[in-house]
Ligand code: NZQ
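Coming up is one lone chain in structure tokens, specifically the form predicted on its own.
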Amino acid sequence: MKFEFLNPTHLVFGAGSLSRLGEVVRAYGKKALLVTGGGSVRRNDTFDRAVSSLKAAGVAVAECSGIEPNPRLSTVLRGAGIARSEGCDVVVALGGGSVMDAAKAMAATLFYEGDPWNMMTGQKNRRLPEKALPVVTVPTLAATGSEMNGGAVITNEKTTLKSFVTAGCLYPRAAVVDPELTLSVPPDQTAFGICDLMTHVTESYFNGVDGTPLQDRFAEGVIHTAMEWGPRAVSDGRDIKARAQVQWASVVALNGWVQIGTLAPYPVHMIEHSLSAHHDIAHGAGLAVVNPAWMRFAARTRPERFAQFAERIFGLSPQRPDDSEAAAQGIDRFEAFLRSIGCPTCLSEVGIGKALLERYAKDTLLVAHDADGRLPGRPSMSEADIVEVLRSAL
């Protein structure tokens, strides 16, 4: 193993942490662009509590609301414009992964010369952002882990492409993570978030380099925790203990700890991005469909890896030297778990048919491809391979 690691985000975690928001933000600025989504934070008084904390600490507020579930480039430009005109010197993201991603992109767009879409992976003239306003994240959903990493996923509605940027300047300066803010999240969105966080670690687990046993155990621990506490959070949204464990699992799943040294690409995410770019489905719901289908495809070439997953996660006993049966059973168990908490596992369940399968595959490869034009992963995938995976998920 050979790697470098840095995560500069100051994490404030625990029930009731929202009351400290103003104190935390005041260290980075005097006027905040407060970025929010579709209105749930207003309906459950989270917005008012956040504003009160900010104002009590002497932080003025300008609002950018209405961030879409799959945030659009035009929305990023709108938010950056508000920050510029209002003289904001800090950005506060109050919402789910989409809100946090949009807020990061807004913070960088303010200083970016040229088209901010050129920040994104897959662009011929790509140029990473080097400067951004300080960002403080306040997640209201346990899912993406965006509160403590330097990545952002944005959709270009003009081209119907969804891509991502990862840069050092996009790391939030601080994350105020209060599990109480997730108590009102409905069961379906809770389930989609659980799938999202689990997919973050299965991506590195199955696509990473060999020889990372500690990272394997980190990933398996996140999965076990999600499978133990996730159903409790789905069945009883007011269970603060379950909400806290799922929230912490979400943070750990993508703050870099699990992925250190694995050098893993994320083929499942890349394929799903093409689906949600076209159909605006919930990201976690799309992952629940794509991930088991991809796992069955990938298990053909690495059955021993998927047999290990089956053994360590579900207690199945591989019949070596042929690991294929255990691998298949483990994937079936994983898919059954997703169904049990209310996730879709077929494209038809999210309203997607077979008409555009080739388009999704082409779009995926426009965003992410290796020198041979294939989607990076283990195994790498051609356009025909991506179509095959999607067809198997119909």
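Remember, predicted model here, so these are calculated numbers, not experimental data. From 1 onward, residues are counted along the sequence shown.
There is also a form predicted in complex with this ligand; it is not shown, and the following applies to it.
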| field | Contact at Pro267, Pro292 and Gly373 by this ligand in the predicted complex, all three, heavy atom at most 4.5 Å | value | no
| request: Name the stretch: of 146-154, 225-233, 300-308, 112-120, exactly one has residues whose heavy atoms fall within 4.5 Å of this ligand in the predicted complex. | output: 146-154
| query | Can Gln247 be called a contact residue for this ligand in the predicted complex at 4.5 Å between heavy atoms? | reply | no
| task | Indicate whether this ligand has at least one heavy atom within 4.5 Å of a heavy atom of Pro186 in the predicted complex. | result | yes
| message | I'd like to know if Asn70 sits close to this ligand in the predicted complex, meaning any non-hydrogen atom pair within 4.5 angstroms. | response | yes
| Taking the shortest heavy atom distance, is Val90 within 4.5 Å of this ligand in the predicted complex? | no
| Which residue, Gln259, Asn207, Ser274, Thr140, has a heavy atom that falls within 4.5 Å of this ligand in the predicted complex? | Thr140
| Taking this ligand in the predicted complex, which residues of 190-217 have any heavy atom within 4.5 Å of it? | Asp196, His200
